[in-house]
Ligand code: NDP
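Coming up is one lone chain in C-alpha coordinates, specifically the form predicted on its own.
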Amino acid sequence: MKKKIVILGSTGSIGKTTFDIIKNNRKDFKIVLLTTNKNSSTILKQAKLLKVKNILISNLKQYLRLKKILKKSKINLYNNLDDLPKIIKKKIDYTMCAISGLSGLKPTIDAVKFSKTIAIANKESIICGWHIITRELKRNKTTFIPIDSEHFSIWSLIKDQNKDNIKKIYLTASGGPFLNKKNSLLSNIKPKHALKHPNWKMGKKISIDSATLMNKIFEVIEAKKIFNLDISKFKIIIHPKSYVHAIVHFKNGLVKFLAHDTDMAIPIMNSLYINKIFDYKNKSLNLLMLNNLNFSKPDIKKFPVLKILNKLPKKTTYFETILITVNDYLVDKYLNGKINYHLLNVSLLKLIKTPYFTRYYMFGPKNIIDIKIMVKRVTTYLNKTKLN
(Lines give C-alpha, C1' and ligand atoms only; values in the text may rest on other atoms or scores of the structure.)
Protein backbone atom coordinates (compact mmCIF):
# COMPACT_ATOMS: atom_id res chain seq x y z
CA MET A 1 0.00 0.00 0.00
CA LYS A 2 1.28 3.46 -0.89
CA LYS A 3 2.22 5.83 1.91
CA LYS A 4 -0.02 8.91 2.00
CA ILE A 5 2.06 12.10 2.06
CA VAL A 6 1.47 15.79 2.83
CA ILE A 7 4.10 18.39 1.89
CA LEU A 8 3.73 21.73 3.65
CA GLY A 9 5.82 24.19 1.64
CA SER A 10 6.19 22.09 -1.50
CA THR A 11 7.69 24.87 -3.65
CA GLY A 12 10.65 25.68 -1.39
CA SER A 13 14.02 23.91 -1.47
CA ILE A 14 13.16 21.08 0.96
CA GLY A 15 9.62 20.79 -0.40
CA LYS A 16 10.83 20.47 -3.98
CA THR A 17 13.39 17.85 -3.01
CA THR A 18 10.71 15.84 -1.19
CA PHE A 19 8.37 16.16 -4.16
CA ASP A 20 11.06 14.98 -6.61
CA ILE A 21 11.80 11.92 -4.45
CA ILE A 22 8.12 10.98 -4.48
CA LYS A 23 7.89 11.70 -8.21
CA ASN A 24 10.68 9.19 -8.81
CA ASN A 25 9.16 6.60 -6.47
CA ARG A 26 5.47 6.78 -7.33
CA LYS A 27 4.90 3.11 -6.62
CA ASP A 28 5.59 3.77 -2.92
CA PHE A 29 3.94 7.13 -2.24
CA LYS A 30 0.80 9.17 -2.91
CA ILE A 31 0.61 12.90 -2.19
CA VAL A 32 -2.74 14.02 -0.75
CA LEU A 33 -1.94 17.70 -0.16
CA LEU A 34 0.59 20.32 -1.32
CA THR A 35 0.88 23.85 0.07
CA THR A 36 2.73 27.03 -0.88
CA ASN A 37 2.64 30.68 0.05
CA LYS A 38 2.43 32.25 -3.42
CA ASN A 39 4.22 30.06 -5.98
CA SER A 40 1.04 29.12 -7.80
CA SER A 41 2.70 28.15 -11.09
CA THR A 42 5.03 25.59 -9.51
CA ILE A 43 2.43 24.04 -7.22
CA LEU A 44 0.00 23.67 -10.12
CA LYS A 45 2.65 21.85 -12.17
CA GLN A 46 3.35 19.60 -9.18
CA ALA A 47 -0.32 18.82 -8.65
CA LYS A 48 -0.93 17.97 -12.30
CA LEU A 49 2.22 15.85 -12.56
CA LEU A 50 1.30 13.57 -9.65
CA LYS A 51 -2.48 14.02 -9.81
CA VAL A 52 -2.71 15.63 -6.38
CA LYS A 53 -6.31 16.37 -5.47
CA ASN A 54 -5.71 19.07 -2.82
CA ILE A 55 -3.54 22.19 -3.00
CA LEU A 56 -3.40 25.20 -0.69
CA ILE A 57 -2.10 28.68 -1.52
CA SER A 58 -1.85 31.14 1.37
CA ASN A 59 -1.44 34.27 -0.74
CA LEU A 60 -4.92 35.58 -1.56
CA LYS A 61 -3.96 37.14 -4.91
CA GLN A 62 -2.37 33.91 -6.16
CA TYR A 63 -5.25 31.87 -4.75
CA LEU A 64 -7.79 33.92 -6.72
CA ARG A 65 -5.63 33.67 -9.84
CA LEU A 66 -5.48 29.89 -9.58
CA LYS A 67 -9.15 29.64 -8.71
CA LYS A 68 -10.02 30.95 -12.17
CA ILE A 69 -7.63 28.52 -13.85
CA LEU A 70 -9.00 25.55 -11.89
CA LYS A 71 -12.66 26.47 -12.34
CA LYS A 72 -13.44 23.24 -14.21
CA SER A 73 -10.75 21.13 -12.57
CA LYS A 74 -11.22 18.32 -10.05
CA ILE A 75 -8.42 19.75 -7.92
CA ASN A 76 -9.62 21.12 -4.58
CA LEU A 77 -8.12 24.56 -3.91
CA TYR A 78 -7.76 26.08 -0.43
CA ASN A 79 -6.46 29.39 0.87
CA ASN A 80 -6.06 29.19 4.66
CA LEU A 81 -3.48 27.07 6.50
CA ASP A 82 -5.82 27.10 9.51
CA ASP A 83 -8.06 24.79 7.46
CA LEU A 84 -5.55 21.92 7.52
CA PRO A 85 -7.56 19.89 10.08
CA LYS A 86 -10.64 20.23 7.85
CA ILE A 87 -8.78 19.15 4.70
CA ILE A 88 -7.01 16.14 6.24
CA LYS A 89 -9.61 14.37 8.34
CA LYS A 90 -7.93 10.98 8.68
CA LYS A 91 -4.41 10.10 9.83
CA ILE A 92 -1.92 10.08 6.97
CA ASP A 93 1.44 8.33 6.98
CA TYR A 94 3.93 11.17 6.65
CA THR A 95 4.01 14.96 6.63
CA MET A 96 6.99 17.05 5.57
CA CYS A 97 6.90 20.45 7.32
CA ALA A 98 9.03 22.72 5.15
CA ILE A 99 7.29 26.09 5.57
CA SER A 100 10.00 28.61 6.43
CA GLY A 101 9.84 31.06 9.32
CA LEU A 102 7.57 31.25 12.34
CA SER A 103 4.56 31.13 10.03
CA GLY A 104 5.25 27.39 9.89
CA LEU A 105 4.69 26.79 13.61
CA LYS A 106 0.88 26.61 13.65
CA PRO A 107 0.69 24.35 10.53
CA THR A 108 3.35 22.10 12.07
CA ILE A 109 1.35 21.68 15.28
CA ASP A 110 -1.83 21.03 13.28
CA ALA A 111 0.03 18.49 11.13
CA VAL A 112 1.14 16.52 14.19
CA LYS A 113 -2.51 15.75 14.89
CA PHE A 114 -3.15 14.06 11.53
CA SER A 115 0.27 12.47 10.89
CA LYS A 116 1.69 9.11 11.92
CA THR A 117 5.16 10.47 11.20
CA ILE A 118 6.15 14.12 10.95
CA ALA A 119 9.42 15.36 9.46
CA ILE A 120 10.29 18.94 10.41
CA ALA A 121 12.71 21.11 8.44
CA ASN A 122 11.62 24.38 10.05
CA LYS A 123 14.21 25.77 12.49
CA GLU A 124 11.97 28.49 13.85
CA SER A 125 9.17 26.09 14.84
CA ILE A 126 11.55 23.89 16.83
CA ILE A 127 13.50 26.75 18.40
CA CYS A 128 10.47 28.76 19.57
CA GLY A 129 7.77 26.13 19.90
CA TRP A 130 9.37 22.76 20.66
CA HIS A 131 7.70 22.59 24.08
CA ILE A 132 4.34 22.96 22.31
CA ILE A 133 5.21 20.54 19.49
CA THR A 134 6.50 17.81 21.79
CA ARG A 135 3.32 18.01 23.87
CA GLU A 136 1.26 17.32 20.74
CA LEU A 137 3.64 14.55 19.62
CA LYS A 138 3.02 12.68 22.87
CA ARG A 139 -0.70 13.36 22.86
CA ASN A 140 -1.16 12.09 19.28
CA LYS A 141 1.50 9.34 19.43
CA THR A 142 3.19 10.84 16.37
CA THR A 143 6.75 9.89 15.40
CA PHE A 144 9.08 12.85 14.90
CA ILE A 145 12.10 12.89 12.56
CA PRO A 146 14.39 15.94 12.28
CA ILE A 147 15.39 16.70 8.68
CA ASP A 148 18.28 19.18 8.92
CA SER A 149 21.34 17.13 7.96
CA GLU A 150 23.01 17.78 11.32
CA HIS A 151 20.02 16.81 13.43
CA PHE A 152 19.14 13.82 11.29
CA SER A 153 22.73 12.67 11.73
CA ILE A 154 22.65 13.10 15.53
CA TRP A 155 19.26 11.35 15.66
CA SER A 156 20.67 8.44 13.64
CA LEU A 157 23.78 8.17 15.79
CA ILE A 158 22.16 8.24 19.25
CA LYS A 159 18.65 6.81 18.79
CA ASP A 160 19.68 3.40 20.19
CA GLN A 161 22.09 4.80 22.77
CA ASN A 162 21.81 5.65 26.46
CA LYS A 163 22.00 9.46 26.60
CA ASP A 164 24.00 9.26 29.83
CA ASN A 165 26.83 7.78 27.75
CA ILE A 166 27.11 10.91 25.57
CA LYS A 167 30.17 13.02 26.36
CA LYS A 168 30.05 15.57 23.56
CA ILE A 169 28.21 16.18 20.29
CA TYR A 170 29.94 18.14 17.53
CA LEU A 171 27.93 19.96 14.87
CA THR A 172 29.96 20.73 11.76
CA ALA A 173 29.92 24.03 9.90
CA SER A 174 31.43 24.65 6.48
CA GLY A 175 32.56 28.13 7.47
CA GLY A 176 30.64 29.62 4.57
CA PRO A 177 32.08 31.71 1.73
CA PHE A 178 34.41 33.81 3.94
CA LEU A 179 36.25 31.10 5.86
CA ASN A 180 39.61 31.92 4.26
CA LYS A 181 39.02 35.63 3.78
CA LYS A 182 40.87 38.12 5.99
CA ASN A 183 38.69 39.50 8.79
CA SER A 184 39.67 43.06 7.88
CA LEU A 185 38.04 42.65 4.46
CA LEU A 186 34.62 41.54 5.72
CA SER A 187 33.09 44.78 7.01
CA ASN A 188 31.59 45.94 3.73
CA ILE A 189 31.21 42.61 1.95
CA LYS A 190 28.25 42.69 -0.46
CA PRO A 191 25.23 40.37 -0.04
CA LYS A 192 25.85 38.83 -3.49
CA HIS A 193 29.15 37.45 -2.15
CA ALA A 194 27.65 36.31 1.15
CA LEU A 195 25.03 34.31 -0.78
CA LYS A 196 27.63 32.16 -2.53
CA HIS A 197 27.75 29.14 -0.24
CA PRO A 198 30.60 26.83 -1.26
CA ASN A 199 28.73 23.53 -0.79
CA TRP A 200 24.95 23.88 -0.49
CA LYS A 201 22.25 25.45 -2.64
CA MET A 202 20.05 27.32 -0.18
CA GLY A 203 17.66 30.24 0.10
CA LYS A 204 18.93 33.79 0.69
CA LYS A 205 18.11 34.00 4.40
CA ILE A 206 19.79 30.74 5.41
CA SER A 207 22.77 31.49 3.14
CA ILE A 208 23.46 34.70 5.09
CA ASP A 209 23.00 32.82 8.37
CA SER A 210 25.56 30.31 7.12
CA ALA A 211 28.04 33.07 6.31
CA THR A 212 27.77 34.55 9.83
CA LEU A 213 27.49 31.08 11.44
CA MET A 214 24.17 32.13 12.96
CA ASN A 215 22.63 29.00 11.46
CA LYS A 216 24.88 26.92 13.75
CA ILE A 217 23.70 28.84 16.80
CA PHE A 218 20.16 27.96 15.80
CA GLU A 219 21.14 24.33 15.21
CA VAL A 220 22.67 24.05 18.68
CA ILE A 221 19.44 25.41 20.18
CA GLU A 222 17.43 22.94 18.10
CA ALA A 223 19.63 20.03 19.10
CA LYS A 224 19.44 20.95 22.79
CA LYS A 225 15.65 20.89 22.60
CA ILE A 226 15.17 17.88 20.32
CA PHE A 227 17.52 15.58 22.19
CA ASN A 228 16.85 17.02 25.65
CA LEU A 229 20.54 17.46 26.47
CA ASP A 230 22.39 20.19 28.33
CA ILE A 231 23.83 22.94 26.15
CA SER A 232 27.32 22.07 27.42
CA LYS A 233 27.12 18.78 25.50
CA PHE A 234 27.30 20.60 22.14
CA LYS A 235 30.20 22.14 20.28
CA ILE A 236 30.58 23.69 16.82
CA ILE A 237 33.57 22.79 14.64
CA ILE A 238 34.56 23.93 11.17
CA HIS A 239 34.54 21.30 8.42
CA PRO A 240 34.88 23.03 5.00
CA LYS A 241 33.88 19.99 2.93
CA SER A 242 30.46 19.52 4.63
CA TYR A 243 30.83 15.76 4.30
CA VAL A 244 30.60 14.85 7.99
CA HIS A 245 27.44 16.30 9.52
CA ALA A 246 27.74 15.30 13.16
CA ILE A 247 30.21 13.60 15.48
CA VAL A 248 29.24 11.97 18.79
CA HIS A 249 31.92 11.28 21.40
CA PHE A 250 30.73 8.72 23.95
CA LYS A 251 31.97 8.33 27.52
CA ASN A 252 32.96 4.72 26.78
CA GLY A 253 35.66 5.96 24.42
CA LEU A 254 33.83 5.39 21.13
CA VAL A 255 33.52 8.17 18.56
CA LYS A 256 30.88 7.90 15.85
CA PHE A 257 30.25 10.20 12.94
CA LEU A 258 27.78 10.29 10.09
CA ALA A 259 28.84 11.40 6.63
CA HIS A 260 27.04 11.85 3.31
CA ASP A 261 27.19 13.99 0.19
CA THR A 262 25.86 17.55 0.31
CA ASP A 263 22.41 16.50 -0.86
CA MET A 264 19.32 16.96 1.31
CA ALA A 265 17.65 14.12 -0.60
CA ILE A 266 19.64 11.71 1.57
CA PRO A 267 18.12 12.54 4.98
CA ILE A 268 14.70 13.09 3.37
CA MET A 269 14.72 9.71 1.61
CA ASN A 270 15.88 7.98 4.77
CA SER A 271 13.01 9.56 6.69
CA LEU A 272 10.50 8.46 4.04
CA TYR A 273 11.87 4.92 3.90
CA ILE A 274 12.48 4.63 7.63
CA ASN A 275 13.63 1.11 8.58
CA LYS A 276 13.40 -0.01 4.94
CA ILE A 277 16.08 -0.75 2.36
CA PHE A 278 16.12 1.46 -0.72
CA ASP A 279 18.59 2.36 -3.44
CA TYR A 280 19.77 5.96 -3.35
CA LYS A 281 22.02 5.41 -6.39
CA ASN A 282 25.11 5.86 -4.24
CA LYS A 283 28.40 6.96 -5.72
CA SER A 284 31.55 5.07 -4.76
CA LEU A 285 32.97 5.96 -1.36
CA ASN A 286 35.17 9.03 -1.74
CA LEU A 287 38.37 8.03 0.08
CA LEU A 288 40.09 11.27 -0.92
CA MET A 289 37.32 13.17 0.88
CA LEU A 290 37.66 10.98 3.99
CA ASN A 291 41.42 11.48 4.04
CA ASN A 292 41.03 15.26 4.02
CA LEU A 293 38.24 16.10 6.46
CA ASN A 294 40.08 19.16 7.88
CA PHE A 295 38.30 19.86 11.16
CA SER A 296 39.19 23.03 13.09
CA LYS A 297 37.90 25.39 15.77
CA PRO A 298 35.90 28.40 14.52
CA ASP A 299 37.50 31.85 14.76
CA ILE A 300 35.43 33.94 17.19
CA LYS A 301 36.73 37.15 15.57
CA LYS A 302 35.48 36.07 12.17
CA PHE A 303 32.22 34.68 13.60
CA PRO A 304 31.40 36.96 16.57
CA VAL A 305 27.83 35.64 16.84
CA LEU A 306 29.33 32.53 18.47
CA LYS A 307 29.38 34.59 21.68
CA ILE A 308 25.63 33.99 21.82
CA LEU A 309 26.32 30.37 22.82
CA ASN A 310 27.35 31.66 26.26
CA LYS A 311 24.02 33.44 26.66
CA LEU A 312 21.64 30.59 25.83
CA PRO A 313 19.17 29.92 28.65
CA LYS A 314 18.86 26.42 30.08
CA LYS A 315 15.08 26.46 29.86
CA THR A 316 12.71 27.75 27.16
CA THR A 317 12.18 31.50 27.45
CA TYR A 318 11.36 34.40 25.16
CA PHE A 319 15.11 34.62 24.39
CA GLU A 320 14.76 32.25 21.44
CA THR A 321 11.82 34.12 19.89
CA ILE A 322 13.57 37.47 20.33
CA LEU A 323 16.85 36.12 18.91
CA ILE A 324 15.16 34.75 15.77
CA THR A 325 13.10 37.89 15.21
CA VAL A 326 16.06 40.24 15.63
CA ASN A 327 18.23 38.11 13.32
CA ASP A 328 15.48 37.94 10.67
CA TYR A 329 15.12 41.72 10.81
CA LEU A 330 18.87 42.35 10.46
CA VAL A 331 19.37 39.81 7.66
CA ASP A 332 16.54 41.47 5.73
CA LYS A 333 18.17 44.88 6.26
CA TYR A 334 21.51 43.52 5.04
CA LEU A 335 20.03 41.84 1.96
CA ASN A 336 18.34 45.12 1.04
CA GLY A 337 21.52 47.18 1.45
CA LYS A 338 20.36 49.05 4.57
CA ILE A 339 23.24 47.87 6.77
CA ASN A 340 26.70 46.44 6.07
CA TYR A 341 28.05 43.02 7.02
CA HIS A 342 29.87 44.34 10.09
CA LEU A 343 26.70 45.96 11.42
CA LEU A 344 24.74 42.77 10.77
CA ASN A 345 26.93 40.92 13.30
CA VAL A 346 27.51 43.73 15.81
CA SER A 347 23.88 44.84 15.96
CA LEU A 348 22.65 41.35 16.75
CA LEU A 349 24.96 41.01 19.75
CA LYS A 350 24.11 44.52 20.91
CA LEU A 351 20.34 44.31 20.53
CA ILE A 352 19.79 41.06 22.43
CA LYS A 353 21.48 42.69 25.46
CA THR A 354 19.17 45.73 25.54
CA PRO A 355 17.05 46.06 28.72
CA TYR A 356 13.89 46.18 26.61
CA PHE A 357 14.52 42.53 25.64
CA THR A 358 16.41 41.12 28.63
CA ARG A 359 13.42 41.71 30.92
CA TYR A 360 11.61 38.94 29.02
CA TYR A 361 14.37 36.34 29.44
CA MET A 362 12.93 35.14 32.75
CA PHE A 363 9.63 34.16 31.16
CA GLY A 364 8.57 31.78 28.42
CA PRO A 365 5.68 31.51 25.93
CA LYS A 366 2.89 29.14 26.88
CA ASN A 367 1.31 28.94 23.42
CA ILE A 368 1.49 30.15 19.82
CA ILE A 369 -0.36 33.38 20.63
CA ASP A 370 2.33 34.33 23.15
CA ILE A 371 5.02 33.77 20.50
CA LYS A 372 3.15 35.85 17.91
CA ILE A 373 2.67 38.71 20.37
CA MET A 374 6.39 38.72 21.18
CA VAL A 375 7.36 38.73 17.48
CA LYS A 376 5.12 41.75 16.93
CA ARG A 377 6.52 43.48 20.01
CA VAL A 378 10.13 42.91 18.91
CA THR A 379 9.45 44.05 15.34
CA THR A 380 7.75 47.23 16.55
CA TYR A 381 10.74 48.01 18.77
CA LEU A 382 13.24 47.35 15.99
CA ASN A 383 11.37 49.59 13.54
CA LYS A 384 11.82 52.45 15.99
CA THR A 385 15.50 51.72 16.66
CA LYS A 386 18.39 53.32 14.80
CA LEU A 387 21.15 50.84 13.98
CA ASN A 388 24.73 52.04 14.39
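Fair warning: this is a prediction, and the values are worked out from it, not measured in the lab. Don't overthink the numbering: it's just position in the shown sequence, from 1.
In what follows, reference is made to the form predicted together with this ligand, a form of this protein that is not presented.
Heavy atoms within 4.5 Å of this ligand in the predicted complex are found in one stretch of 357 to 365, 315 to 323, 38 to 46, 328 to 336, which is 38 to 46. Taking a 4.5 Å heavy atom cutoff to this ligand in the predicted complex, the contact residue among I226, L81, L306, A194 is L81. The single contact residue among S271, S100, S242, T142, judged by any heavy atom lying within 4.5 Å of this ligand in the predicted complex, is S100. In the predicted complex, at least one heavy atom of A121 sits within 4.5 Å of a heavy atom of this ligand. Residue contact with this ligand in the predicted complex: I371 places no heavy atom within 4.5 Å of it.
None of the heavy atoms of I266 is located within 4.5 Å of this ligand in the predicted complex. Although the partner is absent from this view, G203 contacts this ligand in the predicted complex, with a non-hydrogen atom inside 4.5 angstroms.
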